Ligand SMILES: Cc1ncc(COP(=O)(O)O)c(C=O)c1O
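Shown below, as structure tokens, is a lone chain in the form predicted alone; questions about how it binds or moves come after it.
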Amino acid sequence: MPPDPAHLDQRFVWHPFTQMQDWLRTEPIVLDRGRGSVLHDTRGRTYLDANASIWTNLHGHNHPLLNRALREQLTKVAHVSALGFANPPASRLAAELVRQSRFRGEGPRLGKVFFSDDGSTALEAAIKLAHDYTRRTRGPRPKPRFLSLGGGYHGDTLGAVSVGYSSLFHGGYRDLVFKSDTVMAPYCYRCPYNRARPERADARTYRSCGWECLDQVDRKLAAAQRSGRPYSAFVVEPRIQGAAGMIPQPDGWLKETCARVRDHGALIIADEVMTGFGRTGAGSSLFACGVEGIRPDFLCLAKGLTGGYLPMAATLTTQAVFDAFLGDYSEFKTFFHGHSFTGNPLGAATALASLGLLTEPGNRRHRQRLERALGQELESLWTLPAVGDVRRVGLVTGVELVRDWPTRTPFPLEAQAGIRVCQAMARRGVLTRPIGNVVVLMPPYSTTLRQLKTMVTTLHDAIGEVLGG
């Protein structure tokens, strides 16, 4: 008999963002097959994939169109270097990404694409490009500075950590990162300026404040200007912060903030690693920036780029940034940064097929139906006393669990409230992963209305079982 994969995993594999001592105590779920929004494990159990395999799998598993695109490319070539060579799928993908990024909005047009491997590397490329562009256009002094949102998370490479620092995730690397500044995120549910009493509704809909979060942006930008060290770039996840806890931005916040940043003379780096490809709304644009009418200087994409099939990322930027790196060979203006698998033909071919699916009218209509149904189904969660806030943007949902909803009292992280609820969901056949006390629902677009209802009902029952109903 072949070795048991669960045994091999626990003996040899080190999992990311996982307390391995806890992992080793119970047999892991070993997933080996999938179709659509359904996954199967090696023990014969069946699950619904309620977080799209960590937010990547847009169209479901084993999609025939993506499978065909991947197989066809395999008959040609699996990988060629992008260092000195081009390949047809990557060239076509770059052109299509630029075309899809030309939505209406304020800001420059995006026209160049730098490929990499994942969300962290997409942000890393943007940070380095913004750094070098600033030095080449403003002069080498003062040193370029970055501004981002408090609680933000933009990946685990050191540049990305520097602009998305989490004391829990990154505290051990404090000495390795460069200093950047943060401004408060518009976290309406826990905003100290929100004077509204808690209600059984998304906190954005009943907030009572004076937009103090925008005032803080103004003060931070003004202080940087007075110091003689204005910011090079502002890094933001448009419409909703992901790993920070699914924190959505109230209407108007992003446009107002970006206008202030532009007036300051800083670039805008939009982290759409999670929010891109229709996740935040099945409207006319595939990107959250397009929904908000904001054109950034850098658009960072990954996760769903290949429909969850292969690791691939892209950093889109403007002609002005590109031109700052042009010069004679002897000037060494090259962007000295890259990856072995940059522009991988398999990933690019699959991404092109995924973009084709996303732009089909039928696909868009189904996503709109899913959004409406998800909003309706989530209403049932307000009956649970352990539910403090239910936050949804498009097909992204965060359900914040609390010890006492009238006072917003949180569970301590050691209580593992989110983890225990997700474990109870898995026992009922629905898979997702929490962010602390926030349970995430982010279904693949292949999900049926019946499957969607099952996901929400299972979450409701699991919260009731673990935390009381």
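Not measured: the values here are computed from a predicted model. Start at 1 and count along the sequence shown; that's the residue number.
Not pictured, yet referred to below: the form predicted in complex with this ligand.
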Check your understanding: Which residue among 345, 308, 281, 155 has a heavy atom within 4.5 angstroms of this ligand in the predicted bound form?
Key -> 155
Review point. Of the residues 120, 134, 194, 73, which one places a heavy atom within 4.5 Å of this ligand in the predicted bound form?
Key: 120
Review point. Where does this ligand sit in the predicted bound form: which of 212-220, 272-280, 346-354, 318-326, heavy atoms within 4.5 Å?
Key: 272-280
Point to revise | Distance check, residue 389 to this ligand in the predicted bound form, heavy atom within 4.5 Å | key: no
Practice item. Find out whether any non-hydrogen atom of residue 411 is located within 4.5 angstroms of this ligand in the predicted bound form, and reply yes or no. Key: no
Check your understanding: Quick one: is residue 124 in contact with this ligand in the predicted bound form, heavy atoms, 4.5 Å cut-off?
Key -> no
Review point. Can you check whether residue 55 is within 4.5 Å of this ligand in the predicted bound form, heavy atom basis?
Key: yes
Review point. What residues in 222-241 sit within 4.5 Å of this ligand in the predicted bound form, counting heavy atoms only?
Key: 237
